[in-house]
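Next up: just one chain, as structure tokens, the form predicted alone.
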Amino acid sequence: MPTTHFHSCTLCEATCGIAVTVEGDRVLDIRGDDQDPFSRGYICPKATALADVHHDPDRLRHPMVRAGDDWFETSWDAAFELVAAGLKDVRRQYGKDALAVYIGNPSAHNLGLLTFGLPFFRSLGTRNEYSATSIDQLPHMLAALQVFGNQFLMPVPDVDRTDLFICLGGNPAVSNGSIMTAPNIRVRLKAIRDRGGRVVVVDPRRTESAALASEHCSIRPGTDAAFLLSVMHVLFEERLVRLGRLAPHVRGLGTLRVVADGFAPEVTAAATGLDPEWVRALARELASTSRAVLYGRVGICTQEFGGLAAWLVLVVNALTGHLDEPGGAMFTSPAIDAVPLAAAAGQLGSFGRYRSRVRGLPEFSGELPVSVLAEEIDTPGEGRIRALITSAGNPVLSTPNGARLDRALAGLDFMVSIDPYLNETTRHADVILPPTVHLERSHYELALANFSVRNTAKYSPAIFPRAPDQRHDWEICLELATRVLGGGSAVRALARRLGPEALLELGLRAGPHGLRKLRGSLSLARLKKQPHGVDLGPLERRLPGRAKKIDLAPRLYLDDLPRLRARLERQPADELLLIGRRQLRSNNSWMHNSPRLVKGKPRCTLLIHPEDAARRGLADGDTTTLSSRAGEIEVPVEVTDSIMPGVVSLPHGWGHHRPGVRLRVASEHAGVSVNDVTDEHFIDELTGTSAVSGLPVRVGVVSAADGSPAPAALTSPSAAERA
């Protein structure tokens, strides 16, 4: 007899409510939950693919041990013993720092990994901890730490009440929001225009979000900080600065006035490609619109001035009076609040407490930039990484110069992966410990609820119980902690019995909504009675009480401005700049084994403007080489005027052609990995964040669309010839 269960999609930050109809162990249907108070029935195509993951014949359900190129199943006890012996041996011989950890971004959607996995990884005591943070949002978190004193104090656009939404380096129509949990953002953006407001997208590509906007303006990749400084210049020059009620609490205004003086729009125009008068008009509009917000995302983070750009987004919102105001950049009041919890745990954030062994890049909040992971493995010497744990990540496809990392992983003494697939990264592991997947585990948005455009809470029990021969990821981490670190057996036994729900209950009771007796105390029991979720109201003013400080001019950023000035003095080279792009039916590298998500026209194509294509003898459908210092790949060309001249775009997450991978559907739609071209040495020197946007590249014809070879004069040099 079919039954319907209510859950949340955990494939992106939108956290849409879903209604899952099942019969026995089979998923019959997945639809949007019309009664979810936040998503209101909306889902994107990815949600239905949760059924594909659940039923995927390639998904691992038992521990796997590698012997040469062969794999065989083993028992959980044998696998845990093998892993514990391998990790303890490396720690004993070479010290704690010889063991590294890499944590992928699905961890942010996983209650068990957040409550048990992250504490275990930190308890290993290694300096060599890495995550997707340094190829995603590190500059935003650093800006929150520097400006407000807490890495989790990242404001989000109050998109449901704004009248001017300026989007810089983001594509929320595809991402469904990023550090902006906002299901059905298309409807939310349309609502801005319907109430007489404006949506402005500033991006090198005419994105899906730009198609919904009132206006789109192209900007040269990597110049967002210069653009924002020009906006700040106009605000001071035309006396448009309005701090509002936060004025008594803000520091650094005089310093900012001096900083802005040298960045007039006319000065930065040669670098940004933006019309100075357009920049001035936009600055005036932002200052004069009572409910307005500037939003910047991945595109401003993953470039060589990402730290400055993320800081300046906060600065401009503050200078125009839109920080912590309705319709502006506000702070969520989540049911379980990460801000006071981080303060209580002494985890406000840190920067530069130590540096990487080889290149000397700074740590952030206990992690090193992932751009140094390969060199820390393959560079001989004391402190070299000898063993690696990966959890919910595929860094061979998701980090810069993945080909180098691919080679480096083969040289490790020991590697273990907590992952349900044998993929491009886990094929190097000695042991794979496969956890349960989305519909087999309970869910609560512990992390992403802190960055939601509305205050909500929802708990979803597992739809399918885990089988006796399966393990949840939190159970895997707890068992490894016991066997590798030892001690505390009674505490761990209790934790095993209680699970993540016990910590969830404590967090809800201590949170801002758990203490509001007049509304009814929020508890896990109450959430279990509300399977569609609970609406806790719109965003509220939280400053100054929520922040330790509001310092708009931290010394860290002021010291980095000369580097930007030097860059502006150089004339733009006649070169192509590479940017990435996200796709609605793709989620990094880990959903390409779903038939329904990869069907149709191939999407791993290189976008190039008609003028650039003509200059290089390229036509739509041709195969081209795309090359950089790091490497070279061959990719089909898609000629389109949606990309600005001088820029090419390739999506990330593809490249499933490597041998030894057990992803049948993905291998049939392999594509190429953009991270075989991105350069681990092309970084934001301030933060260490990988600069995968704005990378100089070259292209050249390999074969025409009709299959004929390219003329020799049009073919790019090979990697060997360039070397």
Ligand SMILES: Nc1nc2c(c(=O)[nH]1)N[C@H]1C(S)=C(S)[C@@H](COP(=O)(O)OP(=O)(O)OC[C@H]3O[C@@H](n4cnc5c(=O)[nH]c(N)nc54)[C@H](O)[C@@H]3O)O[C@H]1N2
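Each residue number is its position in the shown sequence, starting from 1. Values in this document were obtained by computation on a predicted structure and should not be read as measured data.
As for the form predicted together with this ligand, it is not shown, yet the points below apply to it.
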### Query
Tell me, which of 112, 369, 221, 402 has a heavy atom within 4.5 angstroms of this ligand in the model of the complex?
221
### Query
Which of 594, 452, 460, 171 has a heavy atom within 4.5 Å of this ligand in the model of the complex?
171
### Message
So if I measure heavy atom distances to this ligand in the model of the complex, which of the stretches 240-248, 413-421, 625-633, 562-570 falls within 4.5 Å?
### Response
413-421
#### Entry: 4.5 Å heavy atom contact, residue 675 to this ligand in the model of the complex
yes
### Query
Going by a heavy atom distance of 4.5 Å, is residue 699 a contact of this ligand in the model of the complex?
no
### Query
Counting only non-hydrogen atoms and a 4.5 angstroms cut-off, does residue 204 reach this ligand in the model of the complex?
yes
### Task
Answer with yes or no whether residue 268 is in contact with this ligand in the model of the complex, where contact means some heavy atom within 4.5 Å.
no
### Query
Heavy atom within 4.5 Å of this ligand in the model of the complex: which residues of 584-601 qualify?
584, 586, 587, 588, 589, 590
